[in-house]
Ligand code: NAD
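Only one chain is included here, represented as structure tokens and corresponding to the form predicted alone.
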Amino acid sequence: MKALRLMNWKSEPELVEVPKPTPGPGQVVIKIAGAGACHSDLHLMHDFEAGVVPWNPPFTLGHENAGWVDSIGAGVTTVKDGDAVAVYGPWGCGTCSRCRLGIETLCENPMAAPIPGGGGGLGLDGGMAEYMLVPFERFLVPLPANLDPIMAAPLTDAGLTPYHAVRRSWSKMTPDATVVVIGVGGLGHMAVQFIKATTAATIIAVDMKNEALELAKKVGADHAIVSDDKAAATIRELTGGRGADVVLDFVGAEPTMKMALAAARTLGDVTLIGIAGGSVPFSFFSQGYEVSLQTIYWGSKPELIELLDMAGRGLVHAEYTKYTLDNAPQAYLDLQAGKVKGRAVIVP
């Protein structure tokens, strides 16, 4: 079968022929319907080198995956051939206190995981292929009957990550609150929908691109403003001088982080989701009183189940651009050039 594999660090992925996987005891092979292309894959290709993570190429890319059960190994009881499923991407040990809660992103015993600190598409073979081997059935989540697996694929990361960020600050997203979403791309446009679907807060979207701001308004933002040196002041003006109760930064560059802290209301949350590598001073007087600055990483399996349920009911959806497996290398070139609308999804 064909697979898009990263063969070496600091290189472009290659389409190669590999054997179709066969499930062992407790394992499941799924026929891929869609696999999302993520900005973090670009970091894998261009920024990583031996020693940065405890695994190395070659491996098949694709950590946002959904499809249908193709075959099961001995002992598998929770899925059967033909079931439509999404793959929960973070693969932990399954037995530590975090994993038992379904938060395998934060596994505390990574050396006992299928691969330390990684998963399918992150050290082990992922879903940018015709078939994918899932090492434990617990990593599979059944899809609602009316949810297209192609749509479900990007929800496993591009949806789950912003949903986790939104959910973490729910208590501050009251009807009289304001939430700012900085960067309305593949993840940010999902965050706007989650806020709209689960709260009555006012939403302000911030981006440099007019098309992104138009998308933000389309999916539920109350205000859409240009990301510039006046953005923080504009946010304060729109909030009567108070500032935003929650700011979600999906960029993570120094200018957006400074904007986020400058726009945050006292007692507010500033959550850093983007990994552009920015940093800012953080001291007693560098932001409003009792403003929390936090990072997040992916999300939990229970949150993924909630999210897929919302998508199945039509409350949220992922904007995406389809690419064939043969054209998968182009998806990453387009992603790097900022040409992809929503999320790029590889459809074998």
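Just so you know, these numbers come straight off a predicted model, no measurement behind them. Residue numbers run from 1 along the displayed sequence.
Keep in mind the form predicted together with the named molecule is missing from the figure; the text below concerns it.
Engineer: Tell me, which of L187, V179, V87, L155 has a heavy atom within 4.5 angstroms of the named molecule in the model of the complex?
Structural biologist: Only one option qualifies, and that one is L187.
Engineer: Which pick from I115, A197, C96, M208 sits with a heavy atom within 4.5 Å of the named molecule in the model of the complex?
Structural biologist: Exactly one listed residue reaches within 4.5 Å, namely M208.
Engineer: Would I296 count as touching the named molecule in the model of the complex under a 4.5 Å heavy atom rule?
Structural biologist: I296: yes, in contact with the named molecule in the model of the complex.
Engineer: Should G92 be counted as a contact of the named molecule in the model of the complex, where contact means heavy atoms within 4.5 Å?
Structural biologist: Heavy-atom contact with the named molecule at 4.5 Å: absent for G92.
Engineer: So in the model of the complex, is the named molecule close enough to G183 to count as touching (4.5 Å, heavy atoms)?
Structural biologist: Contact with the named molecule, yes.
Engineer: Does at least one non-hydrogen atom of I150 fall within 4.5 angstroms of the named molecule in the model of the complex?
Structural biologist: I150: no, not in contact with the named molecule in the model of the complex.
Engineer: Spell it out for me: taking the named molecule in the model of the complex, does every residue among L15, M45 and A328 have a heavy atom no farther than 4.5 Å from it?
Structural biologist: The answer is no: none of the three residues contacts the partner (heavy atom, 4.5 Å cut-off).
Engineer: Counting only heavy atoms and a 4.5 Å cutoff, which of 69-77, 134-142, 251-259, 106-114 contacts the named molecule in the model of the complex?
Structural biologist: Only one stretch passes the 4.5 Å heavy-atom test: 251-259.
Engineer: Relative to the named molecule in the model of the complex, which residues of 260-291 have a heavy atom no more than 4.5 Å away?
Structural biologist: The stretch touches the partner through I273, G274, I275, A276.
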